[in-house]
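Let's start with one chain on its own, the form predicted alone, as structure tokens.
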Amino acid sequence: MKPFLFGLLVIGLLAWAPLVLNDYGTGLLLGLTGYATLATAWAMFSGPTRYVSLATVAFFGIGAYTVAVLSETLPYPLVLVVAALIGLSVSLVVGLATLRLAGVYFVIFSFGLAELVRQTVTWYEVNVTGTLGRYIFLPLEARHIYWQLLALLVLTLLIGIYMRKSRIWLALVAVGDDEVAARHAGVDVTRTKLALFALSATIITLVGAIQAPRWTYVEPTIVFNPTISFLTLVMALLGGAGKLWGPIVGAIPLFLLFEWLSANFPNHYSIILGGIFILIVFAVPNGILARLETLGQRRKGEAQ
């Protein structure tokens, strides 16, 4: 009961924060919540299965462009529903075609998918609509966008908690450990991977859709920026992709560091980010939370 009440208190404080913060503080909190949701959704599938996906920005951009295209013709809540359905449909098609791949082949395909979607949208805008970007005019302030992202983050965490108490999580872990052995043990590997990939992609699509009004003007280079995929990946790995709270633990320091680097080293922050990624892989390959658990177990063993 105490963790539940503590969680409600934290959510209440986070929801109240935009009412006392200035515009910069609210924007910072908005961006942090967005990346925390992206990293948590990414880890929902990639954490247990160990399928490293770089397609995050493909679904993020799909969500953002859906809002840009439909915001003037449909009510905003319905636009979010349509964006989620489009993300779900694309993820099912992609999943059925590619989840039989593994290792580096899946990584390469997921990166290629993001680039394919970006180039397709760019071609369509230039050759069909005759423009490269779209304006979004919605009566939404930064705090409204933040509250939506906070609600989505809470929902994502609740789904993660439920999953870890269900058989599907054990099936995903089995797939990550040894896919062939899991199949022989009776796990429907294809269906399990497809269901979680689609769920993860739908949440990521909603993050893009919710954040779209923040930019006012949207074009492919903004919403299909590969940095989004790499940052999401690094955040999840830093905190621990296999842990429920790992992606959030990784998102907080890395997002703040990214904001500082992009402001002070605008021409070099990508190189620095790459160096940080290499350090994380070597120093904490299983994430900060897993490292802390290992240290805690060692101390207990020494005390005994």
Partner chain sequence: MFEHLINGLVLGGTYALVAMGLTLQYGIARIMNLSFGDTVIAAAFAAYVLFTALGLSPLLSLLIVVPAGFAFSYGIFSLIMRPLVRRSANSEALEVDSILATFGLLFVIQGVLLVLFGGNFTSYSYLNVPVDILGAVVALNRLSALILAAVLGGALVLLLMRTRWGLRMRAVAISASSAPLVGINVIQTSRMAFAIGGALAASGGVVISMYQTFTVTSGVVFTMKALIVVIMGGKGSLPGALAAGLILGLVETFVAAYIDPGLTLASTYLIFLALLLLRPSGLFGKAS
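Positions refer to the first chain, counted from 1. None of these values were measured; they are calculated from a predicted model.
Below, we turn to the form predicted in complex with the partner chain, even though it does not appear here.
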Heavy atom within 4.5 Å of the partner chain in the model of the complex: which of 36, 58, 237, 44? 237
Let me know the one among 86, 107, 194, 138 whose heavy atoms come within 4.5 Å of the partner chain in the model of the complex, would you? 107
Tell me, yes or no, whether residue 190 is in contact with the partner chain in the model of the complex, where a contact means a heavy atom of each within 4.5 Å. no
Do residue 282 and the partner chain come within 4.5 Å of each other in the model of the complex, heavy atoms counted? yes
At 4.5 Å between heavy atoms, is residue 150 in contact with the partner chain in the model of the complex? no
Applying a 4.5 Å heavy atom distance criterion, does residue 76 contact the partner chain in the model of the complex? no
Quick one: which of 123-131, 78-86, 154-162, 204-212 gets within 4.5 Å of the partner chain in the model of the complex, going by heavy atoms? 123-131
Contact test, all of 97, 101 and 116, partner the partner chain in the model of the complex, heavy atom 4.5 Å: yes
Quick one: which residues from 259-283 get a non-hydrogen atom within 4.5 Å of the partner chain in the model of the complex? 267, 268, 270, 271, 274, 275, 277, 278, 281, 282
